[in-house]
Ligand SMILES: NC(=O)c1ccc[n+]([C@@H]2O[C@H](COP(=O)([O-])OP(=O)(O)OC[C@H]3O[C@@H](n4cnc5c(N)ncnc54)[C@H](O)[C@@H]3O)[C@@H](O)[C@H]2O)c1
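What follows is a single chain, given as structure tokens, in the form predicted alone.
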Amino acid sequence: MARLAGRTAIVTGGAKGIGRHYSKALAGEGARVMIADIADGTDLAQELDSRHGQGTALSSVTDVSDESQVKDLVAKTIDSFGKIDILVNNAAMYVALHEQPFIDIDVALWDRVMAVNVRGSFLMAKHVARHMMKQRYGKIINIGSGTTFRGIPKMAHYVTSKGAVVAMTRTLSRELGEHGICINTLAPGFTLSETVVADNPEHVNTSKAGAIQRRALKRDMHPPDLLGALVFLASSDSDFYTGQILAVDGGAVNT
């Protein structure tokens, strides 16, 4: 039997980039998936329906930094699928960010990064957890970053936001554990997703060689490298695993 048969998941930022791979992986393991993104995920939902059966996936154009849109997304998921078992907090500002000294980062950009990457994860967890508490079960997977272990120059807004996500995971695990809900951080290393390669070649050029040098496994990292860990955190295999950081980076850091 598929490891996520009978489960329902929301994947934010699930229409493009690494999130698209997350959506496909969860559906492939039997989950019904709500694809939430500022981009239209209708094509992906149709693809998953065609591959895994009608009713496997739906899409919702959602800005996770807007609480009213988050509420609508959660309500739509409940109305469509009846429950929410898994939340993947993947939506984030990253690909569009260009490297710059922190003294040159505009305050409006800083605030927007925090709104999407931190407030968005908080809002999603806040409104999904209410339903998970009723069923006394749930898996929340916050997507962090390997950059929080060492810091990287010229990406202070992004690294700071992901550090906040790690702290949020730890504190929410203390509140949600009594309700049977596990919350963990999946921390990818530098990953050559389709979107970062196409849309931010400057960042690829400055990061790719150093990432390989730091790894025990000396090769590039691609989105499929994350999927085993994602399914583990979403499945019953991790029912006694919460508040943790699972770094998937080819051995660049030891946690």
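Residues carry their position along the shown sequence, with the first being 1. A quick note: this is a predicted structure, and the numbers were derived from the prediction, not measured.
One more form of this protein, predicted in complex with this ligand, exists but is not displayed; see below.
- The shortest heavy atom separation between residue 195 and this ligand in the model of the complex is within 4.5 Å.
- Not displayed here, this ligand is kept clear of residue 59 by more than 4.5 Å at the level of heavy atoms in the model of the complex.
- Though the partner is left out of this view, residue 27 does not reach within 4.5 Å of this ligand in the model of the complex, counting heavy atoms only.
- In the model of the complex, none of the heavy atoms of residue 229 sits within 4.5 Å of a heavy atom of this ligand.
- Of the candidate stretches 100-108, 172-180, 78-86, 136-144, only 136-144 has residues with heavy atoms within 4.5 Å of this ligand in the model of the complex.
- Residue-level contacts in the model of the complex: of 132, 123, 74, 91, one residue has a heavy atom within 4.5 Å of this ligand, and it is 91.
- In the model of the complex, this ligand lies within 4.5 angstroms of a heavy atom of only one residue of 116-132, namely 116.
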